[in-house]
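Only one chain is shown below, in structure tokens, and it's the form predicted on its own.
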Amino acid sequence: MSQLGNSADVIVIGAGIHGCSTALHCALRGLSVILIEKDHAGRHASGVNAGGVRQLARHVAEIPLSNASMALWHDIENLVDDDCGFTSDGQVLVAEDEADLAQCRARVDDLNLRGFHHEEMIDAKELREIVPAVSETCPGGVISRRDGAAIPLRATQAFKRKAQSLGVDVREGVKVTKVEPDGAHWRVVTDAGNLVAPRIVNAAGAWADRIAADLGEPVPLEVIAPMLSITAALPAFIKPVVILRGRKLSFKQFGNGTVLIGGGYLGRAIRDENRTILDWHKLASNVRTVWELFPIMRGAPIVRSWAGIEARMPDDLPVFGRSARHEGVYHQFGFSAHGFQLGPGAGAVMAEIIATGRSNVPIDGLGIARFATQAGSAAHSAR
């Protein structure tokens, strides 16, 4: 295949939490793995997100993967020898008015009919018992009780370290420039030499579309920069993570009293320079929502704001599973700013597919083939 040290059973491209998890789970199945990262593990989306470990409010197509992942989160220390800062105080979707509450009820009823029962309606009284600081005008909401949060960079690094302890060859600071066939195998061309394997996993996040294009599977990936802010420490006033359906908000207080404010407001990502530019007007809108919903926060100073570089797909669903064109190629990207919780389970499912050819966890609707017609039409229009 190649010179000693530059071949393996599997090459994983990208060491975010997904790439690290897949590498770890492949190693647990006895496969040799090379994990390549152009920067360092967790440098982009996986290390700088809000850390939400959320089943709440997910698209139905993601729920089986999310359920599988949540089971691993609740046993995370046994998996990676680190609790990853994981706490499980639930996540609450707050309804801001009766129309909002009716939409919540319709969703929960639909999920129950599909056999999913992790989301539960709560009335105004229970909402205020769980989130005492919320505005009196909110009539209720939805809770997912096993949800919580973790520390993103700590978790990603824990997966990397555990993978390394099982023999995964982690190569950071190595940039992939091309992927191409090499007989019955795949050659991954990097700025530190060529690597060869019969199986490759494209977990390259905001850069994954370039690898997919090399493989003749172009996708309409958008590079985004979700922004976050954190406050100075406040007295403890909230345990669960709070999210909104209408106005965008994700809201979490840490044990040290600081409050993380997010919700998906976007800055500008310049991916080839590894940097982002914040949009202060959008950040102000984000903070204004907190001001209105949580009066206790009105005197809290914002001490820092930042953004990560992530990949979003047009349907906000990840590209996950086998290549539609090539044997031995697998895609795992485009988690659209809500992939952190899925990391442990997605890695386990991907490793199962690689090792056995199938998985008991349904991943229908997540394959790259769903973009084949769209990409082909775009290419034709450009001619």
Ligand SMILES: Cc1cc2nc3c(=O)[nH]c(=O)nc-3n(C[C@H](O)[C@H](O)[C@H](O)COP(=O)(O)OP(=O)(O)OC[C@H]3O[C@@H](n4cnc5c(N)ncnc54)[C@H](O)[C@@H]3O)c2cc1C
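Since the structure is predicted, the reported quantities are computational estimates derived from the model, not experimental observations. Residue numbers run from 1 along the displayed sequence.
Omitted from view is the form predicted together with this ligand, to which the following refers.
The stretch among 290 to 298, 251 to 259, 171 to 179, 215 to 223 whose residues place heavy atoms within 4.5 Å of this ligand in the predicted complex is 171 to 179. The three marked residues, Ile13, Gly19 and Ala45, each reach this ligand in the predicted complex, with a heavy atom inside 4.5 Å.
The closest heavy atom approach of Ala337 to this ligand in the predicted complex falls within 4.5 Å. The shortest heavy atom separation between Gly52 and this ligand in the predicted complex is within 4.5 Å. Although the partner is absent here, Gly308 is a contact residue: one of its heavy atoms lies within 4.5 angstroms of this ligand in the predicted complex. In the predicted complex, this ligand lies farther than 4.5 Å from every heavy atom of Phe116. For the candidate set Val142, Leu195, Val131, Ala204, a heavy atom within 4.5 Å of this ligand in the predicted complex is found for exactly one residue, namely Ala204.
Of the candidates Leu234, Leu228, Leu101, Val108, Leu228 is the one whose heavy atoms come within 4.5 Å of this ligand in the predicted complex; the others do not.
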